[in-house]
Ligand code: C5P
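First, one chain by itself in structure tokens, the form predicted alone.
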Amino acid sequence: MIITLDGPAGAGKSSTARALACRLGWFYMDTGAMYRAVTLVALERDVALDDGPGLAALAESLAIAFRDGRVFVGDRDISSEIRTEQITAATRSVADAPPVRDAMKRMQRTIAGGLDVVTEGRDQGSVVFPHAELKVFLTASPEERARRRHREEEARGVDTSLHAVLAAQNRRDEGDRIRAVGAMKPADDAVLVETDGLTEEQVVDRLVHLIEERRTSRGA
């Protein structure tokens, strides 16, 4: 069974998907980490970030894997390396390249083959897994998402204001909506789940209930 979680930044996709997969004992696929992995290796090998075909060929050559909550390229644990500001800034152009998205779509489908999977991103339900048994679009109000991000920034010691975080988030949301490929939008049959005022556990409870409903309807 495949469960997709899509939605905007700050909606809690990653933490919710990870917690849901943990509760269910399923495989968790962090698609953002996969694009970050390609970006990291591209920078190390001097592959131009505007060379779509070259980046796609690189992506196809990489053995990206998830093990015990860590991200690997081959036998190399890159979990920490892909979370730097440099990689965050560079990943957008890599993820925007149509040949790269095609390559990653194939890789994501291969990884998910034969598994019970929770996968999250922007286009998992709308593009990558259009036949997923449950598609969820996880969201929250812009203000709530900005407050969450602001708390995260403060916890990391970043000196910024809530106003600045909200403005940056709005710019990112708009950019994600108008992307030529991999645009952020709910699948036509996605279930909208708003997380305002909910704890992570409550959101996971809601998703587990949705999964049980789908399983019951499939068995009927």
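All residue numbers refer to positions in the sequence shown, first residue = 1. It should be emphasised that the depicted structure is a prediction, and the values quoted were computed from it without experimental measurement.
We do not show the form predicted together with the named molecule, though everything after this point is about it.
If you check 60, 194, 153, 176 against the named molecule in the predicted bound form, which one has a heavy atom within 4.5 Å?
Result of the distance check: 176.
Counting only non-hydrogen atoms, choose the one of 33-41, 160-168, 185-193, 61-69 that falls within 4.5 Å of the named molecule in the predicted bound form.
Within 4.5 Å of the partner lies stretch 33-41.
I'd like to check something about residue 139: if you look in the predicted bound form, is any of its heavy atoms closer than or equal to 4.5 Å to a heavy atom of the named molecule?
No, residue 139 sits far enough from the named molecule in the predicted bound form that none of its heavy atoms falls within 4.5 Å.
Would you please decide whether residue 95 lies within 4.5 angstroms of the named molecule in the predicted bound form, comparing each non-hydrogen atom pair?
Residue-level check for residue 95: yes, a contact with the named molecule.
Indicate whether the named molecule has at least one heavy atom within 4.5 Å of a heavy atom of residue 106 in the predicted bound form.
Judged by the heavy-atom cut-off of 4.5 Å, residue 106 is well away from the named molecule in the predicted bound form.
So in the predicted bound form, is the named molecule close enough to residue 145 to count as touching (4.5 Å, heavy atoms)?
Looking in the predicted bound form, residue contacts with the named molecule do not include residue 145, since no heavy atom lies within 4.5 Å.
Any residue of 76-93 that, in the predicted bound form, places a heavy atom within 4.5 Å of the named molecule
Result: 83, 91, 92.
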